[in-house]
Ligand code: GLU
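One chain follows as C-alpha cells, the form predicted alone.
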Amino acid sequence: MAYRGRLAPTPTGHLHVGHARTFALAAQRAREANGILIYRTEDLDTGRCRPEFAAAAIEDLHWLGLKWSEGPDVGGPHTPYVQSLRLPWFRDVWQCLHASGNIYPCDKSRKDVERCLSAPHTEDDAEPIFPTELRPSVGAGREAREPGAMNWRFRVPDGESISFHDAIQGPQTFIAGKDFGDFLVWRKDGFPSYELAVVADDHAMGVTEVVRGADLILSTARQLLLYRALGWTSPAWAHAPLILDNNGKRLAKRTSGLSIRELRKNGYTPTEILSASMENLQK
C-alpha cells in the first residue's frame, strides 16, 4: 500500500516549536516514502477550538515550508478534512462498536472515578484508570440505537498485553486494566472522543503511518483495541520525542515565547525553528 501520512493539529491555540518539529518529521517521512501527506483539523473540543487558530495553523505550517496533498485548504478525495463536519461518519463507527458489544453507556463522572480508591492515575496520562467496580453488567446499553446524551466507554480486556513496534520509540507493551482502563469513545455532549475520532478518520483516509508526539503513545494501545473491534488494519506508528521547557515539562500552546507565530515575529527563520534546540531558542 502506498504511504499515506497525516498532520492533525487541534486548534486550541497557536502551534509551538514542538508541533513544528513533529509535523516536520511527519512531512519528511511522507516525502522520503514518496507518499501522500494529509492535513486534518481536529476541532471536536468545541469549548476550546477556534476558527482563527485553525487558520493560523495552516498559515504557520505553510510558512515553515510544509506541504500536503489533501486538506481543508486544498480538498481531496476524503472531504471534509475538518472533524466537526464529520459527525455522521463518527456515528456510523459508534454503531459498529455498539454492534460488536465492546462499549457500554456510563453515567459516572470524572469525579466519581477519581473518588474511587481503585482508580490510580497513570504517570504519563491525564485520564484516571476506570475502576472495574463501576462497570455495568455485560450487555448494558444493548437496546440503544443512538449514543444519545450519554458517555460511552470501551470495555478493555483486563490483563491483556497490547504490544506494537514504534518506528522511533521501539517495542512497546501496555497492560489493559493496569496501564489504562475502560476509555471514552463517545461524550454526552454529542461528540466522539479523541480515540474514536482519530481511529475512524485515519482508517477512512487510508493513513498508513501515524507520526505524532510521544505524549500520545499510550493512546496507541487504546486505539489498537478499537481497530481490532472494528475489524480494521491498524497503521504503523512513530512517536516523536517531546521538546521540554527549562523545568523539564512538555510545551503547551500557552507557553510564552515559543509559538511559531511569536518566533516569526522575533525574526527566526523556518530553518532555525525546525533545527534549533530549546537552549538556542531561549538565548
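For every residue, the number given is its place in the sequence shown, counted from 1. The structure presented is a predicted model; accordingly, all values stated were derived computationally and were not measured.
The form predicted together with the named molecule is left out here; the points below concern that form.
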Candidate site Arg6, Thr10 and Leu216: all three near the named molecule in the predicted complex by heavy atom within 4.5 Å: yes
In the predicted complex, the residue from Leu97, Val198, Ile162, Ile129 with a non-hydrogen atom within 4.5 Å of the named molecule is Val198
Sort through Phe154, Tyr81, Tyr194, Phe90 and report the residue having a heavy atom within 4.5 Å of the named molecule in the predicted complex. Tyr194
Counting only heavy atoms and a 4.5 Å cutoff, which of 164-172, 97-105, 144-152, 208-216 contacts the named molecule in the predicted complex? 208-216
Is there a non-hydrogen atom of Glu42 within 4.5 angstroms of a non-hydrogen atom of the named molecule in the predicted complex? yes
Members of 162-185 lying within 4.5 angstroms of the named molecule, judged by heavy atom, in the predicted complex: none
